[in-house]
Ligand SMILES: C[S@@+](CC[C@H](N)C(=O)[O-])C[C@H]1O[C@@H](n2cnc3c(N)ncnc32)[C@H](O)[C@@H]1O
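Presented as structure tokens, the chain that follows is alone, the form predicted alone.
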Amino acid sequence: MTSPDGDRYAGFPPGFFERADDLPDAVFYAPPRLVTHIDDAAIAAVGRLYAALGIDGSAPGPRRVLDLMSSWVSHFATPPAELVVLGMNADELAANPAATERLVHDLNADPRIPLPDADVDAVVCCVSIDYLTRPIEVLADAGRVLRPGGTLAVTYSNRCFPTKAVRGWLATDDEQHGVVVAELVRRAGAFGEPRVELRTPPGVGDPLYAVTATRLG
């Protein structure tokens, strides 16, 4: 795997988006992993974030939400009326009780999301942004499938599969991760200025950070 080409990635060090394990992701994600990757407090923080953003089922009116790089749980305290889950493992997605639509799709092989333009009210990506080798293309396509004024919410913590996370992620700390994700969102070209915040108490359990932005009209 080589780093992404083009002006979109200008300024990132060579090899930033390469990984130690460059075998096809379909091989790594073939066995179902019905586990959570952050602790209960961080999971609860994800649910509170979605509620605060007005994108879960507690908000007035129906919501159609896309959960990118999803698994068997999507961490909504109250799921939205429609939840499209996109991930690598069919068994994991089938076990997700909140899902109303399931898409098995490898975003590293093809960063285009298999949904129509302006199809969803929100796009979320929970503790998985560090695995994308072409994140700007994926975020740009997230903008395509979002309706104007829709919400993007990217959350991350300090846990990962280190052989599948990109090298630049492993070489930077939590604060730098927020800088990186915010810059990726800016370069996607579809969103207003991103906001970075820590959603859990500092120094207690797994940290949960959020980068949020609004789809431009």
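Start at 1 with the first residue shown and count on from there. The shown structure was predicted, so the numbers you read here are calculated from the model rather than taken from an experiment.
Another form, the form predicted together with the ligand, is not on view; read the next lines as being about it.
Visitor: So which of L83, A122, C126, A142 gets a non-hydrogen atom within 4.5 Å of the ligand in the model of the complex?
Guide: The residue from L83, A122, C126, A142 that makes the contact is C126.
Visitor: Is it the case that D106, even though its partner is missing from this view, gets within 4.5 Å of the ligand in the model of the complex, heavy atoms only?
Guide: D106 belongs to the contact set for the ligand.
Visitor: Hey, in the model of the complex, does H37 get a heavy atom within 4.5 angstroms of the ligand?
Guide: Because a heavy atom of H37 falls inside 4.5 Å of the ligand in the model of the complex, the answer is yes.
Visitor: Would you classify A190 as touching the ligand in the model of the complex, given a 4.5 Å non-hydrogen atom cut-off?
Guide: Heavy-atom contact with the ligand at 4.5 Å: absent for A190.
Visitor: Taking the shortest heavy atom distance, is M88 within 4.5 Å of the ligand in the model of the complex?
Guide: Output for M88 is yes: heavy atoms within 4.5 Å of the ligand.
Visitor: Taking a heavy atom within 4.5 Å as contact, would all three of A44, F76 and D206 count as contacting the ligand in the model of the complex?
Guide: No, the whole trio is out of contact, none within 4.5 Å by any heavy atom.
Visitor: Within 4.5 Å of the ligand in the model of the complex, counting heavy atoms only, one of 165-173, 65-73, 178-186, 146-154 shows up; tell me which.
Guide: Comparing against the ligand in the model of the complex, the contact stretch is 65-73.
Visitor: Select from 150-164 the residues with a non-hydrogen atom within 4.5 Å of the ligand in the model of the complex and write them out in sequence order.
Guide: Stretch hits: a single one, F161.
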